[in-house]
Each structure stands twice: as structure tokens, then as C-alpha cells.
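Before any questions on binding or motion, here is one chain by itself as C-alpha cells, the form predicted alone.
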């Protein structure tokens, strides 16, 4: 007992007073788990996350938050914040030597890479969570974030896969490859477009991979010579097709929600999204017509994972770890994967769970509006280094969006 008290005093102000610096995530992670839980009990965790989806908000506010309070004595407070906002805030706080205002952050991709470069993440810690024993640790898509090893500095939380969406009544025989999609667009002018955000860029990367021999061409970090060799194929493809896009490519939906409205209104014949499981949710919600279905191209569809990180200046890393551990539990992972809730894919290896949980997750996969897990897994390709994403964005804005004159 005495050694546990000494350990607690070494990492927490609340236990011992004295105005010592805030505990570090790596130090807290070195404690026995029951000590971490003791540190967390009675505290408030500020989780900075995207608050733009009502389904996600309801899951967090109405399901996660009360259960955390009941089981762990932790009060969860959410705050709006996405990648660039989180990065800017942490840079400003660190430069000022200020105490952190974020204990847990929803991050991935270029945000994780930038936070790591600037030493703004605490850790390693994620591998010490009890729930981490059930992670699908053999999956490179889960354990590598845009090719960057997570190394315990962020915890996998959910897994998604890019997909197109079509109306099986309007388009009973959709194209099944990038080349077939090009032919379809030419034959149906004005009926296809993509949004200007992350999802639209993911679509462009799917095309980039397909036109250049697959994702393997781009793995191993960003390479300027490879970009110079491969990018022209993507932009030649686009420049030839843009006149056949919606509004002749002179305008693009700002967001996925805007594209969803065009699809639902019958103005275009395809929507798209970064979560193929979410199509069933949008059908049930009435966002999509009942005849909407998932379309995955045979060239491969990008899959990625979203994560939770603890900032290096977080004032409550113990509470953040307890929250993260609960979010990774089978119960929380199952609830968020339900199509009636969020339809966010699990990062757990279902075979590591007990038979009851295996059966419950298997029942989710049997949803009649779902897409076969085996096919999705076969077509899944990983994200590559974040610099590729950034180059696609900047070059599209210059060569395609800039030409539109808007």
C-alpha cells in the first residue's frame, strides 16, 4: 500500500498537493491499472472531438457519458475540435507554457503526424490499457496511421472504409472499377461529382492508386519523383471527365452532407463516404432512399482508423486513459457499430472475445442492408503517408478547382 501511495504522489498534484507539474501520460501508464483508476475517480476529462454528427453526439452524450460516471466515477466533458484546431491550440498552449485544456483528442492521419513532429502527444500509454489486449493488433490498417506506427501514442478507436453509394433502382448495374466509372460518367453527363473535403480527396486517392498500379506504388513514405511520375495520370483523368461532372465541374458540394442531399434529391446518381457501414444508418434515418446500396470498386477502397491521443500538456492523463479504456471495451465498441447508433466499425479482433460477444458482433454483420465483411476486407487498401493526401488536395485546388473560377 505504501509503495502505491508513493507512486500516486509522484504523478498527481491532487493526491499530494504542492503545485508540482501536471502528471505525464507515460508516468501514469507505468502505474498498476487500479492506481490509474484511483487517480481518475472523481475527475473531469475534457475530450476534444468532432461534434458535427448527431448520431455520434448521441452515442457519446447519452450512452458513453452516463456509463463512465457510473462505472468509473469520471465526468466526461466534450468540446468541439478537429485536426487543425487541435494542432493550433496545443501549439499555442505549449509555446505559452500553459496548462492544457484538452485531456483526450480524436485524431488521425496528418494531425497525428504533425502532433508527433512537434512532440505534442504524451506517451506511450495506449498499450497499457487492459482493453488493448483485444485489439486487432495484426492489422496494419489499425496499428499504422497513414503509414506511421502508433507506438502507443494513440489508441485505435474505430475503423472505416471508403465506399461509393448508388441507388439500385436508378442504377441497377453500377460500374465496378475506376475505368468503368470513367465510361459511366461520360455516358451520363451531369450525374456525378465529389465533395471538396476529406471524403472527396479520399476518392481522388482511390483513383490515383488505381491508375498507377495500386497502393504499393505509394507506400514507404512520400517521394517527390514518384509524385511527378504518377500525379499526371490522375489529373489527366480528371480533366477529361470534369466537363461531364455535375454542373460541368464548375461547382462542387462543400461537404458530404451536401453531396448526400444531391443524391437523395436525384440530382446525381452517386454519393460517397468514408464509412461503408454508415450507408445502412443513413437509409434508416431517411437521408438515403431505401434502395441505396454500397458500391466498392474492384481496384481497392481505402480503409483507415481513427484514434484517441493524450496531449503532452494534458492535466488529467489518468482520466483520459480510463475513458479510452472504456471506449475500447467490447460493450462500447459493439454499441457504436450498431447501425441504429453510429455504424462505426470495431478495431477489436472478434476472435479474442468470449463466445457471447463473438455472437453479438456476428449478428451485426448479418444486417440485410450491410456489405459483406469478407468482400470489404478483400478490397481494403491502407492509407499512405499524409504528404500524399496534402499533395492531392493542393494540386486539385490549383488545377481543377481553380479552373472553375469559384
Partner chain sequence: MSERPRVLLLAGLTLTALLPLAALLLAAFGMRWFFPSLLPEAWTAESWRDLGGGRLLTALVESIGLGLAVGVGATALAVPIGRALARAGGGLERLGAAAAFLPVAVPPIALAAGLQLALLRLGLGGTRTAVFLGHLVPATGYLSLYFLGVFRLLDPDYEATARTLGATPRQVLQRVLAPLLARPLREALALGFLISWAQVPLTLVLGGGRVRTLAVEVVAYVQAGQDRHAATAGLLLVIPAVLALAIARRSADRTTVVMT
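Residue numbers count along the first chain shown, from 1. Keep in mind that this is a model prediction, so the values were computed, not measured.
From this point on, the text means the form predicted together with its partner chain, which you will not see here.
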Its partner chain: the contacting residue among 340, 356, 61, 34 in the predicted bound form [heavy atom, 4.5 Å]
61
Could you tell me which one of 186, 229, 176, 77 places a heavy atom within 4.5 Å of its partner chain in the predicted bound form?
77
Hey, of 44-52, 65-73, 346-354, 25-33, which bit sits against its partner chain in the predicted bound form at 4.5 Å between non-hydrogen atoms?
44-52
May I ask you to state whether residue 289 is within 4.5 Å of its partner chain in the predicted bound form, using heavy atom distances?
yes
Close approach of residue 261 to its partner chain in the predicted bound form, 4.5 Å, heavy atom
yes
Is residue 212 part of the interface with its partner chain in the predicted bound form - any heavy atom within 4.5 Å?
no
Proximity of residue 92 to its partner chain in the predicted bound form, heavy atoms at 4.5 Å
yes
Heavy atom distance at most 4.5 Å to its partner chain in the predicted bound form, all of 98, 265 and 284:
yes
Heavy atom contacts to its partner chain in the predicted bound form at 4.5 Å, residues of 193-215 in sequence order:
none
